[in-house]
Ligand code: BES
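Below you will find one chain, with nothing else, as structure tokens; this is the form predicted on its own, and questions on how it binds or moves follow later.
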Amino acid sequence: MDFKTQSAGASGLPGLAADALLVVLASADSAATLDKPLADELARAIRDGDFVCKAGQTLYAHRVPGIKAGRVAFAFAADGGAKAFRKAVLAGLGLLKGGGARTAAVVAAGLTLTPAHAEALVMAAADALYVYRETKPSAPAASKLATLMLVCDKADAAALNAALHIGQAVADGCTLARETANRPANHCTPSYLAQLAKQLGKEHGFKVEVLERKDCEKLGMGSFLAVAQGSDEAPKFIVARWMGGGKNKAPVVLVGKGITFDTGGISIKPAADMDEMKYDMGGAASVLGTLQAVAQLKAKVNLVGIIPACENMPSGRAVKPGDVVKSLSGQTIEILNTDAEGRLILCDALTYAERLKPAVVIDIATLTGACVIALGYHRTGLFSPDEPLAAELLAAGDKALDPAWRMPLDEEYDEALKSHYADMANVGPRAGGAITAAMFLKRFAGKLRWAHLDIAGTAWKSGPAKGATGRPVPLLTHFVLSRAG
């Protein structure tokens, strides 16, 4: 989809050359700022009870007299902020996306447009128009909407166009992450993730290395391989490098959990909703989406994505509760619960990241149901002992409208990981499960500047809107861009 700014010109909104016009109202008084044909149409709708000035309200009008655009949609925002604007645009495009309109102009009434609004527009459009169809031939046809214009003053056009450009890259990264995570596990295997990474590398100019099982054995990745040993699918340890910041600049390293299907292993999960465990590679998908976004923008930063990818399956070869394995770091782990496998593949990836001499390392994982209980589905759980790094990530999430919430890492939580038979156990008691999972990973972060994002509640939705969200690609992309030269 093409995004650009557009001046209303001498003829104003009535004369705009577009198939559709979406008017976002920030307040009840906003109608007074509109050209007369639009103000009159809105006044009639309010008078007749067809429109109420409340957040989430929308109205569609066809062939409004005096308006060149054949289709007009109104959407009411809760306020003038970028978050409310995004929600209103999403609702308004829901009225326009299924028709014959190919171009649409978006007008913000009663609010001052900022770059944050421009990026929010692109993200709303990507969300409104996304349809998964890879394995569903009967999926609805793609929307005909191909161009979205943000109406603004000429003086603001340059800054808003730059934000639209960034928004397009972030949205493309989110779409890639959604597409990848939505694919069934018999399609999206570890080998598929490796092939996809290589394809993206060719398209966007970054290097990709894939370590096979023998390579991982030679290195000593006993923890990662323990999870993989129960599956017939070959594990893949993917390392992708975007070197836009120069050879001597320490890279930002993103580590994404790539469990392409999680049965729980011998500690098998209940059957209900187990199909959603295809989303357990949401961290890996977000790393690929962020790599694509950063490369698309040709950001002057060094970014390395690490994806340990495998399945967690029960079989005669599968790791058993009580088994002890040796990690790449040399530390031994008693596996009390084989369904706590994400941390087992991430710990070896964190140790591997040390050889890259990174500026910071962030791991991203659909790690614990406990994080969903703690935070629900709106904010990602953020864990880090590094105050400045945590503040940077929180700020990036707020800027990207992809928020996180910082969780504790008090040393007392580490007591739950003690083991009689190894250096540590892979789980503690149920209480504080998201925190003890983070404490486990902290043991492998060493002296790294490290943070952990638990995206179990934000990477996908269940129910009628079931599907991957693409989060936290926006947060990660803004964080990486903030470190670009």
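Numbering starts at 1 and runs along the sequence shown. Source: prediction; values computed, not measured.
Below, we refer to the form predicted in complex with this ligand, which is not included among the displayed structures.
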Can Asp262 be called a contact residue for this ligand in the predicted complex at 4.5 Å between heavy atoms?
yes
Partner proximity in the predicted complex: Ala101 to this ligand, non-hydrogen atom cutoff 4.5 Å:
no
4.5 Å heavy atom contact, Thr180 and this ligand in the predicted complex:
no
Report whether the minimum heavy atom distance between Ala82 and this ligand in the predicted complex is within 4.5 Å.
no
Of 160-168, 284-292, 369-377, 318-326, the segment with heavy atoms within 4.5 Å of this ligand in the predicted complex is residues 369-377
Scan Leu441, Leu34, Ile435, Val427 and let me know which has any heavy atom within 4.5 Å of this ligand in the predicted complex.
Val427
Taking 4.5 Å between heavy atoms as the contact cutoff, choose which of Glu341, Glu119, Asp363, Asp348 touches this ligand in the predicted complex.
Glu341
Going by heavy atoms, what in 276-291 lies within 4.5 angstroms of this ligand in the predicted complex?
Met277, Asp280
